[in-house]
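Take a look at this single chain, the form predicted alone, given in structure tokens.
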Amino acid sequence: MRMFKYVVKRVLLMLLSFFVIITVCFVLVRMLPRNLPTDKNLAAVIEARWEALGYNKPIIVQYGIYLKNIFTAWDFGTSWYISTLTPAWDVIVDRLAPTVLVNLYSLLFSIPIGLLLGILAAVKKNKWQDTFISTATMIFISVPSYVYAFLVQYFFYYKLGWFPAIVSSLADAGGSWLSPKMFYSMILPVLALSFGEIAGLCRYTRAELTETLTSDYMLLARTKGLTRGQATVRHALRNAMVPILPMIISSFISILGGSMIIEQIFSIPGVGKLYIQSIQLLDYDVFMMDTVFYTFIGLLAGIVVDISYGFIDPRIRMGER
């Protein structure tokens, strides 16, 4: 019951935070100037649509109309420039697949390597393997993802010619985001996103596992006859995963946020690139739809991370005093 109350409380707080963030973003973006296209016929259609949506009324009235359209018709507005007169919801849904795939491939590549390197560094603490991995981790974690993007493009495309410099279009890939050609073209952005995540996960895993390996219960496990490997896998690693797993969950959110620049560099037609375009072109409703997407995922991830502690370790009960 306490867990249920805690979840309900967190959901209500999430909705409140969500409302505040969306309200602030709506007010700020609507204060920016509006530009009509040079095509007079199209400009007339857009201006009439703006008038119907109350764009010429006070911002508070515009916001009321915006919320009413969402709750009554699931209408998040219309794209005026990126995809003219297309519903903003459809615009972002069309861009979700490449963003999700690139980030999913990156996580699937980063998590096992980061965990293995962290475990190796912890087990070989103060030896040359630990020194080498820790030094490399500090170097890789200090470099932003867009630097890796330029490096992998330079070496793997320009020098070696192994992979394409940009992601293939949907038409070139056979009309499917899951085709082998599309996966092949996504390798460079996946690598660019993975280096920092591998380093961060490796450092965190090493820190947690090193502390766990020196605990009293590990000494007890060894005295009972378990080998160092058995004690590490059965006891140390499981306890160390309590803080590590929430980091893995939050990594997906951080990669989504960081992939905006990566999508721009590799011409990935995803949500991140769409966000930048909506800001550049002052496409208000698409910007708000993107803001709703990122805000909701970020806030929801916080709740999922907190609840996950209880599933990893039954001794932890959220909401208990």
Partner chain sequence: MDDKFNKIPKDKFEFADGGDVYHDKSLSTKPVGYFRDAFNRFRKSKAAVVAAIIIALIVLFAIFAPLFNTRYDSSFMDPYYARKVPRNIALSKIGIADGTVSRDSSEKGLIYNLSIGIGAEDGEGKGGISSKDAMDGYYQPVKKIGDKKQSAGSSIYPIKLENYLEVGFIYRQIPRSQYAEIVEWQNQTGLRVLYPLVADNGYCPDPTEANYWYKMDSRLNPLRVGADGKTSVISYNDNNFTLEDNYLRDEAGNPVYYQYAGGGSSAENAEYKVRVLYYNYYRYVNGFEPQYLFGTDSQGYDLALRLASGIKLSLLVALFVSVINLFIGAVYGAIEGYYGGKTDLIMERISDILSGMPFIVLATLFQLHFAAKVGVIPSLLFAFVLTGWIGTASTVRTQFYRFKNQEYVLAARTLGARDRRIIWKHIFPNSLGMIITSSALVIPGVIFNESMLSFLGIVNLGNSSTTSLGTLLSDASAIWTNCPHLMLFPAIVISLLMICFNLFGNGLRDAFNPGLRGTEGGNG
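Here the structure is a predicted model, which is why all the values come from computation and not from measurement. Numbering follows the first chain given and starts at 1.
Although not depicted, the form predicted together with the partner chain is the subject of the following passage.
- For the three residues 276, 287 and 299, a heavy atom within 4.5 Å of the partner chain turns up in the predicted complex in every case.
- Although the partner is absent here, residue 55 is not a contact residue: none of its heavy atoms lies within 4.5 angstroms of the partner chain in the predicted complex.
- A residue is said to contact a partner when one of its heavy atoms sits within 4.5 Å of a partner heavy atom; residue 265 meets this definition for the partner chain in the predicted complex.
- The partner chain is not drawn, but in the predicted complex it has a heavy atom within 4.5 Å of residue 20.
- When contacts are judged by a 4.5 Å heavy atom cut-off, residue 260 counts as touching the partner chain in the predicted complex.
- Look at 175-183, 105-113, 92-100, 154-162: in the predicted complex, residues with non-hydrogen atoms within 4.5 angstroms of the partner chain sit in 154-162.
- In terms of contact with the partner chain in the predicted complex, the residue from 166, 187, 247, 143 that brings a heavy atom within 4.5 Å is 143.
- With the partner omitted from this view, the residue of 171, 85, 73, 139 that lies near the partner chain in the predicted complex is 139 [heavy atom within 4.5 Å].
- In the predicted complex, 13, 16, 17, 20, 21, 24, 25, 28, 29, 31, 32 are the residues of 11-35 with at least one heavy atom within 4.5 Å of the partner chain, listed from first to last.
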